[in-house]
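Below, in structure tokens: the form predicted on its own, a single chain.
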């Protein structure tokens, strides 16, 4: 197999609030042949750390749900920074289900979620992209996450983003819109 070389300035920067997940990520990536940096802050504050026009791409890999869950957890007093995420996830799942089933999820999280997307657009270089994907984990379903919410999360946030006119949605061939969304700055 041919050895791939990376451009000399290749780097991967991520934002993560949860201390335990950050430590696990650092341990798993410590031997990669690229610079890996973890910003231990809310991604809404990314511009303060990086400035504008800093990144080619911002990727939410199965994390739009985590953002929404974190917003809900914080509003109900659950510590998402110093807690074991897997231990608090069942409680957060109950809150998500309650909000979704009562039709209050949009009212409760939309403003903060869109602020985060807006912040991420600001740190993109001209013509930069945001990629958002979502997929189902059996564990989430096993602990009771509403399958309808889980399956339709991306169409819901797509509607919010498009209504707010944040970025320009770009359709990428072979990426199913049910599970993928791409925004161009």
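Positions refer to the first chain, counted from 1. Computed from a predicted structure; not experimentally measured.
The following text describes the form predicted together with a small molecule, which does not appear among the structures shown.
The partner is not drawn, yet in the model of the complex one stretch among 154-162, 41-49, 141-149, 124-132 has residues with heavy atoms inside 4.5 Å of the small molecule: 41-49. Although the small molecule is omitted here, in the model of the complex all of 17, 21 and 85 have a heavy atom within 4.5 Å of it. Using a 4.5 angstroms threshold between heavy atoms, residue 67 counts as touching the small molecule in the model of the complex. Although the partner is absent here, residue 116 is a contact residue: one of its heavy atoms lies within 4.5 angstroms of the small molecule in the model of the complex.
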